[in-house]
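Heads up, the chain below is alone and in the form predicted alone; it's given as structure tokens.
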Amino acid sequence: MKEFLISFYGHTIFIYSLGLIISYVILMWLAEISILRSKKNNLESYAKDLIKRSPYTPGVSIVAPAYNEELTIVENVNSLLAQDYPLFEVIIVNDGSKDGTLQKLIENFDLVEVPYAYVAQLKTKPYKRMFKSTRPEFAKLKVVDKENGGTKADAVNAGLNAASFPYFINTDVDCILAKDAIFQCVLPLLSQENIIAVSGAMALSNGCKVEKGQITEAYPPHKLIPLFQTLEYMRSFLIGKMGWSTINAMPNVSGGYGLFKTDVVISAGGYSPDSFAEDMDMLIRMVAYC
């Protein structure tokens, strides 16, 4: 009996490992097809020029919750505002921060409280007030102040209540976005219909040099654990998501960065405020709604 169990366990591990390796090889092959297909079909310079000049360019709201982020909030907001896209807004949701996050925003971006017709299409913890900048260069910035909801999902819902555009990007306020991040997500919308979500690739910035909210020099991290995290991000985004998307079967859009159709998210009931896996939860309910 003991020998049978040991043999069964060994064969099970072997079959599982073999299946895992084969699946990764297939996903790598599919990801390569996706990369070659995008290079063949997209003339980025032409598409960028078209998006900048077209009156039909879709507007995008960047929604970024902030809770106790006073050390990095100014640099992070500058990064979000630096997008090379003609029609967007940045909505920072101050989720009841107990430190100087809101005060830092007010001082550095010359924010003032403004009257705002806040319509709670999605239920959240109570909304307090809206801030906008008095300086033209920060006209795209909105700051929503609300009571703490305990989860990112509640803060994103409040941001959606204040969003003006048909698409929104769900991200974290400490994420550093490439200047063409919105453009890269909008690009698939031009060639295909009925897209409700687009995933973006993410990587760790550990080891990179960051100046004024932008990565100026890219280096891998030097410590062991961040190196393993970097490898896992590459497997997840560059192999996993790109591979599955080739056959239109991507299982999830990361909560760290992704573009979504605003009306579909709201119609599906928004993000579940009691969920700590709001990205998977939201996508499943969007697909069920559609």
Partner chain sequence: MSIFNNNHTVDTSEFLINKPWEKEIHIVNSDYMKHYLYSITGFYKELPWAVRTSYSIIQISCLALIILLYILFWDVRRKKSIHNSYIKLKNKYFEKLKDICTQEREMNETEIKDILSINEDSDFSYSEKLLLIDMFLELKMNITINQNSIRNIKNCIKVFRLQEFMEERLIKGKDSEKLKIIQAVRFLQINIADSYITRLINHRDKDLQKAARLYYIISNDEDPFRYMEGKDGNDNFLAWDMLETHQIFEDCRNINKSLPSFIPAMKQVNNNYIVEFFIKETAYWGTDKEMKYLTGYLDSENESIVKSALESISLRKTKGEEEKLKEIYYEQPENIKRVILFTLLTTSPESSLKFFSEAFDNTSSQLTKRMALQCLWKAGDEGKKLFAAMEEKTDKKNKILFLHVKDSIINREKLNLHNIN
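Positions refer to the first chain, counted from 1. Take the two forms, superpose them, and find the largest set of C-alpha atoms that agree within 1.5 Å; that set is the rigid core. Because the structure is a prediction, the values reported are computed rather than measured.
Just so it is clear, the following notes concern the form predicted together with its partner chain, a form of the same protein that is not shown.
Not displayed here, its partner chain is kept clear of residue 98 by more than 4.5 Å at the level of heavy atoms in the predicted complex. Using a 4.5 Å cutoff between non-hydrogen atoms, residue 53 counts as a contact of its partner chain in the predicted complex. In the predicted complex, at least one heavy atom of residue 121 sits within 4.5 Å of a heavy atom of its partner chain. Among heavy atoms of residue 220, none comes within 4.5 Å of its partner chain in the predicted complex.
With the partner omitted here, the residue from 81, 87, 176, 74 that has a non-hydrogen atom within 4.5 angstroms of its partner chain in the predicted complex is 87. A heavy atom within 4.5 Å of its partner chain in the predicted complex is found for exactly one of 129, 125, 104, 132: 132. Look at 65-73, 45-53, 223-231, 250-258: in the predicted complex, residues with non-hydrogen atoms within 4.5 angstroms of its partner chain sit in 45-53. In sequence order, 187, 190, 191, 192 are the residues of 176-192 having a heavy atom within 4.5 Å of its partner chain in the predicted complex; the partner itself is omitted from this view. With the core held fixed between the shown form and the other one, residue 276 has its Cα displaced by under 2 Å.
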